[in-house]
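As structure tokens, one chain now follows by itself in the form predicted alone.
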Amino acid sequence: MIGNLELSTLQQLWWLITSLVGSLFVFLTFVQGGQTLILTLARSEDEKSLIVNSLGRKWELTFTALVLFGGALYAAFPLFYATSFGGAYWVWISILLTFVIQAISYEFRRKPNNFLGQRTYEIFLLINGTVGILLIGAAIGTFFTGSNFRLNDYNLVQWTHPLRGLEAAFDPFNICFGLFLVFLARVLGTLYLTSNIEDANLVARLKKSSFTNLLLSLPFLFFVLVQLITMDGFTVDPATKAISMVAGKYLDNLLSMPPVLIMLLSGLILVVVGVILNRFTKSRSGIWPSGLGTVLTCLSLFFLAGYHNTPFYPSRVDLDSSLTIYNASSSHYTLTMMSYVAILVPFVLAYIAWVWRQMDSRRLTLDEVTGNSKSY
């Protein structure tokens, strides 16, 4: 059945799959958000250890999701991978570096004879949760604002800015999108830690912090949403394949794809609902409505960037070099074989959910952390 699908259908399917993986990655950045709380919310070494060990059970999932997102883009849309990772390499190297120091920090933070000191590794975790997420947000923001590249007749990329992708962090839309993701990660981090830690004083502060960080995220979210519905956008003519700029492109996408608009509004509402439940009730399960809301919100943004005749990786300097899900994709054969493999994804997700449930069946206590010689 999959083998009988048209190439365009497979291309749309794989944009959906990669978008879902990317959205799940953003949800999993609760790990990065939680890391930013170690130096600001914890008031003792015991509370630091509780936070680090709670997040330490999940940090590999975020890294794995990031690698899977990059791998899916590489396999399904290789021209994008070659263009972005080959041209904007300084921003991607910087992002990967923050994840490398994250992994090192969990492993060596409390090791004997740690010559860098425990605080150094805690600062590394802070950098991963702030700079790393900010740069990822700026990189995703270029799906709407464009990047500085052109492709020749052989699809060889020429990057026209000396900062090689880092210039994205100086665009107001990109930087606000990145800052929104930073505070969203902090919100998700407080919600996850609230659900996972058994410490009354720390949980009380986490509940307050979730609401505070939600409020801090709102100005950046408002700026991003206003820009999206008012900015000129990139569009491709389905007949001629010519790419041009049009006014109100992303607003038109929202209005032309009502399910996407519903997903966006529902996602934002669910994020707020999770925080309100966490802050103003005794519930400690706010991570789940907010997590689902995060996935829906991110999915809607990816759909805005890639569907409805929209280049998902537009070029600022040469419109004709802009990439769409059609001109950047793999062949029909490759996408078909990948689709057969993707049938196994629900089983993998079910296994992850089962492992997650087993790991979090009991809330983490200080006695469990101090009594385990292998704790982080």
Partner chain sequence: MIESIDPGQVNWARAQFALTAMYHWIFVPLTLGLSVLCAFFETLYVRTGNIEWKQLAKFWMSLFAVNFAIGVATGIILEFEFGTNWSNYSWMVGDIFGTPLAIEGILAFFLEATFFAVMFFGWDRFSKRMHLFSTWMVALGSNLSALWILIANGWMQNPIGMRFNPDTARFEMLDLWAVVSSRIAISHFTHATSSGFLLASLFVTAVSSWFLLKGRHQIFARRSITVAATFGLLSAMFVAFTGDEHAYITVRTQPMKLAAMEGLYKGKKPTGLIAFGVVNPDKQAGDAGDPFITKIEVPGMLSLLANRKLGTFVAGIDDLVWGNSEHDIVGVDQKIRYGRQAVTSLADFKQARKAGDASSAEAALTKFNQNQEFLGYGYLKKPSDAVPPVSLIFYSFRVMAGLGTFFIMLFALFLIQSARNKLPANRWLLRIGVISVFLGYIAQQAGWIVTEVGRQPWAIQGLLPVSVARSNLDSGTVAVTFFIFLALFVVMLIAEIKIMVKQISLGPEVSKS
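Everything quoted here is computed from the prediction, not taken from an experiment. Positions refer to the first chain, counted from 1.
There is also a form predicted together with the partner chain; it is not shown, and the following applies to it.
J.: Could you confirm whether Val341 comes within 4.5 Å of the partner chain in the predicted complex, counting heavy atoms only?
T.: Yes, Val341 sits close enough to the partner chain in the predicted complex that at least one of its heavy atoms falls within 4.5 Å.
J.: Taking any heavy atom pair closer than or equal to 4.5 Å as contact, tell me whether Asn152 reaches the partner chain in the predicted complex.
T.: So Asn152 counts as contacting the partner chain.
J.: Even though the partner chain is not shown here, does Lys111 get within 4.5 Å of it in the predicted complex, heavy atoms only?
T.: Output for Lys111 is yes: heavy atoms within 4.5 Å of the partner chain.
J.: Indicate whether the partner chain has at least one heavy atom within 4.5 Å of a heavy atom of Leu61 in the predicted complex.
T.: Leu61 belongs to the contact set for the partner chain.
J.: Counting only heavy atoms and a 4.5 Å cut-off, does the partner chain in the predicted complex sit next to every one of Leu13, Asn201 and Cys298?
T.: Looking in the predicted complex, the three residues Leu13, Asn201 and Cys298 all stay beyond 4.5 Å of the partner chain (heavy atoms).
J.: Heavy atom within 4.5 Å of the partner chain in the predicted complex: which of Gln158, Ser256, Ser285, Thr230?
T.: Selected option: Gln158.
J.: Find the only residue in Gly86, Pro172, Pro238, Pro219 having a heavy atom within 4.5 Å of the partner chain in the predicted complex.
T.: Contact residue from the list: Gly86.
J.: Select, from the options 177-185, 112-120, 267-275, 210-218, the stretch whose residues sit within 4.5 angstroms of the partner chain in the predicted complex by heavy atom distance.
T.: Looking at the partner contacts, the answer comes out as 112-120.
J.: Which residues from 74-89 come close to the partner chain in the predicted complex, meaning a heavy atom within 4.5 Å?
T.: Those in contact are Tyr74, Ala75, Pro78, Leu79, Tyr81, Ala82, Phe85, Gly86, Tyr89.
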